[in-house]
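Take a look at this single chain in structure tokens; it is the form predicted alone.
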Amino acid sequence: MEYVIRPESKITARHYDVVICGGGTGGVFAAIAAARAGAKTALIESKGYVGGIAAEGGCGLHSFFNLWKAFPGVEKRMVVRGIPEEMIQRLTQQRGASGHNDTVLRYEYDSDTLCVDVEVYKFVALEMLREAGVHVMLNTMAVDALVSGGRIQGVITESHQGCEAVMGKVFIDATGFGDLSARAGASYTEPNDYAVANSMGVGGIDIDKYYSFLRDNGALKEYARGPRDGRSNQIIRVDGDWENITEELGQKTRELGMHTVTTTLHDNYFMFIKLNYMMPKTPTDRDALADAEFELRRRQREALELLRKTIPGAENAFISRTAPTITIRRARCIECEYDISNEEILNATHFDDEIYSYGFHDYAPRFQVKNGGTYGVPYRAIQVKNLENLFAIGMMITSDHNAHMSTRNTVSCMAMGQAAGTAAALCAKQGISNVRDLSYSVLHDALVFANVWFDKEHP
């Protein structure tokens, strides 16, 4: 490989208290929390909008509650509150979310169904960031880190405006890929233990007809009702087992990596149909990722034809939306001060330094938090090892694949973001150079003040 020497240059430097790289699910809530706590906050995002997987890759924002319906007699509790629930209320007011609705079937997986309009989500997220006073740097890439003595001093960015240095006191890696942590010298692994995905919206297709088709063929396994186009008690989420229809259909969905679950807030529209692809290499490999981008778009076209041929009345269905880039479930796993295990999650373990409570597992019903309870995520679990002023949040924590199937979920990332942003702001305002030195009682009280629920205190 040929190399060149890049000449040194003088670049503009901007100074902030808290700098967040990545405006995805966790990054949005980290930035809002930090700014509301009084920190001068910058959010760096490579796309022209924020929201990440919450607006691109999922099929709804469920799991704000414990898994109460799967355990008769267990109290229903909203365990994720704070800024995440505030956003849901705003989305719902703007008809961009369904609000919380009980799952009718397959509630042993999740008792709560919450559907979103992804375009409304993007707007409301930006609106809340701007209201909080966050400097949102869209269309901007964080390309390097300035590190000295175990501390990040700044982040080098590139945009259409040119190269800049974004200096800060505390940093949060919310990139999903772990780019900031890696460039700062953190230890990490790349398990490549998940498929990547791209989700598409499909127009000209009726969710009521899909529901009836699955029911009439003995393939219905999940659905929920809620508001749709201004009418209440409508079908808003459906899933089925296509193998129960024909073996051929089941085989085809497996080959495409196609999730048969969908959600919607609108008539004649599927908000999400997700296609998955298991990459032969880690998603941090640029050329392998480019091949995967093509493969997933090829699969989307095949999936569209399959929907047209299978769902009654969908003959003229069309792709109305795709994610602009592949969405991942994990790239780099960043080594942090604590590595939460699946056993701790299933046993409803709570910690002396926990920063939020959570009760959902994506491998349910095989794995469930016992007795419809919750577990806690400790503050140590987001502190990046050997770097004094860096947090890693979202899909980058826990090396345990099964534990990761809980902690990486969307609502968990929202709560994790609020906790990290609050901690970062407190450290910056109090002049604490090492985030490990922040008093947990001070952090706990600040989170409680911001309406974060600690389930261990309310058995």
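Heads up: residue numbers just count along the shown sequence, starting at 1. Keep in mind the model is a prediction, meaning the values are calculated, not measured.
What comes next is about the form predicted together with a small molecule, which does not appear here.
- The putative spot formed by I44, T140 and T175 is fully lined by the small molecule in the predicted complex; each residue has a non-hydrogen atom within 4.5 angstroms of it.
- Put simply, of T327, T253, Q300, S111 only one has a heavy atom within 4.5 Å of the small molecule in the predicted complex, and it is T327.
- In plain terms, the part of the chain that comes close to the small molecule in the predicted complex, with a heavy atom within 4.5 Å, is 328-336 out of 373-381, 279-287, 302-310, 328-336.
- Heavy atoms of K40 never reach within 4.5 Å of the small molecule in the predicted complex, leaving it off the interface.
- In the predicted complex, the small molecule stays beyond 4.5 Å of every heavy atom belonging to E344.
- Of the heavy atoms in K69, none are within 4.5 Å of the small molecule in the predicted complex.
- The small molecule in the predicted complex comes within 4.5 Å of a heavy atom belonging to C413.
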